[in-house]
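Next up is one chain by itself, shown in structure tokens, the form predicted on its own.
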Amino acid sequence: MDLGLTETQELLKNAAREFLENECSETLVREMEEDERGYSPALWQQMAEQGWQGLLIPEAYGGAGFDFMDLTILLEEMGRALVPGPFMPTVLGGAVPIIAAGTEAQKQQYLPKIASGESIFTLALTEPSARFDESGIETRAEVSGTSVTLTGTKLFIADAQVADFMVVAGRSAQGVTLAIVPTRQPGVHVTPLTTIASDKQCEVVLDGAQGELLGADGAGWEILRGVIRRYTVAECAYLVGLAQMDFEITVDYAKERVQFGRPIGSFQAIQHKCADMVTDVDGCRFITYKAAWALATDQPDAEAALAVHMAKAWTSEASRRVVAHGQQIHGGIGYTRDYKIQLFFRRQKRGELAFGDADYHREIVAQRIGL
């Protein structure tokens, strides 16, 4: 296992950092919290021109044909800049399942529009039970040929308010079934929710919504297993970038903030907190890259699954420690909405809970090692 970056990956990382430093400012991040869309169409199109939405999509469908490790590196930079909007829902919740299970006609129809930034997708998985496993799917799916009629409620659906399509998980007589559902139809009702991170999560009520079968009837969970693993590692990568930037801001502050006649970074208590922060950040990066490598190189299923659950269990808690230290070192100003550091604290909470918190993944790790 070699987790060092290739020349192409270094170029991707550096280009992404330069682009986001110029185009995704703190001001934009704050504006998108107040904007009902939650994203900047101009930035979205610029990202598409960089080839980001199509990074995983094969060249035959208008994409770049890169692998999941490359996407992980890009998402770390996006977490560093707190990029708002439906990038992960579109790429992980839309492109990935269509690449994995779509018919040739579906790939031709949807993938080029994802790559060009024309279409926004999201994954409608979780329901009021807030479970991430197969038993949590209760939405009713009635399959007739390639058509699917869906009835039920989906909860905490990212960016559904701007999505053109949703990949919806429902339960038919054959088992969990996936459908591509146009969002703008009478049978789909989207209600934005209020969240601590001021991100855009929604309740989606499906009342006879019409969709197109994705994969075979009853084969949805097998498809979702791979999607969820990649989405989970994507959330870890975003948290790595977020934690790295939080650490850098905090160290700079500790060097500049003077108390009792000297920089607070000269005090041992602050030094030890910063040492813990950088240790946690590097630990998060290593375990996330290891999981991404396992998925990108198609390692054995049991090995890849264990790596993913370990990464999310560790990264969820370690990134929380990082942002908590960051606020504590800043003191009272670190808790005010006017100061940048609180943005990282709030966004970390969203990522920590996405696709299961540390306790959820620790339990699965314990089961997989025979306990």
Partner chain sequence: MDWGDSTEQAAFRAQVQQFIRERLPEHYRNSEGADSVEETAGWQADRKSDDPVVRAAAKDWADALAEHGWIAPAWPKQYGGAGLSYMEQFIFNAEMAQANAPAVGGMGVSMMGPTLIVHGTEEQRQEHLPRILSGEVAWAQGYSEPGSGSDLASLQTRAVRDGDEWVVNGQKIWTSGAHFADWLFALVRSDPDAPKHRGISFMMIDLKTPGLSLRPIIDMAGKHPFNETFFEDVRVPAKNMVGEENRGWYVGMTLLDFERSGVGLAIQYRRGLYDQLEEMKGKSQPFVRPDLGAVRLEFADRAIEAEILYNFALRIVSMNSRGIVPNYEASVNKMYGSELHQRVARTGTKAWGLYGQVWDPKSAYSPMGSTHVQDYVVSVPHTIFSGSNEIQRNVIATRGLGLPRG
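Everything quoted here is computed from the prediction, not taken from an experiment. Residue numbers count along the first chain shown, from 1.
Beyond what is shown, the protein has a form predicted in complex with the partner chain; the following relates to that form.
Asks: Counting heavy atoms only and using a 4.5 Å cut-off, do 276, 310 and 366 all touch the partner chain in the predicted complex?
Replies: Yes, because 276, 310 and 366 each have a heavy atom that approaches the partner chain to within 4.5 Å in the predicted complex.
Asks: Just give me the single entry in 216, 251, 197, 155 that has a non-hydrogen atom within 4.5 angstroms of the partner chain in the predicted complex.
Replies: Comparing distances to the partner chain in the predicted complex, the residue within 4.5 Å is 251.
Asks: Heavy atom within 4.5 Å of the partner chain in the predicted complex: which of 68, 39, 314, 345?
Replies: Here the answer is residue option 314.
Asks: Counting only heavy atoms and a 4.5 Å cutoff, which of 198-206, 163-171, 177-185, 277-285 contacts the partner chain in the predicted complex?
Replies: After filtering at 4.5 Å, what remains is 277-285.
Asks: Evaluate residue 17 for contact with the partner chain in the predicted complex, applying a 4.5 angstroms cut-off between non-hydrogen atoms, and reply yes or no.
Replies: It does not: once the partner chain is placed as it appears in the predicted complex, residue 17 has no heavy atom within 4.5 Å of it.
Asks: Is residue 151 close enough to touch the partner chain in the predicted complex, meaning at least one heavy atom pair within 4.5 Å?
Replies: Looking in the predicted complex, residue contacts with the partner chain do not include residue 151, since no heavy atom lies within 4.5 Å.
Asks: Classify residue 247 as contacting or not contacting the partner chain in the predicted complex by the rule of any non-hydrogen atom within 4.5 angstroms, answering yes or no.
Replies: Although the partner chain is absent here, residue 247 would touch it in the predicted complex, with heavy atoms inside 4.5 Å.
Asks: Test of understanding: in the predicted complex, would residue 271 fall inside 4.5 Å of the partner chain by heavy atoms?
Replies: Contact check for residue 271: yes, within 4.5 Å of the partner chain in the predicted complex.
Asks: Heavy atom within 4.5 Å of the partner chain in the predicted complex: which residues of 2-29 meet that condition, in order?
Replies: Read in sequence order, the residues that approach the partner chain (within 4.5 Å, in the predicted complex) are 2, 3, 4, 5, 9.
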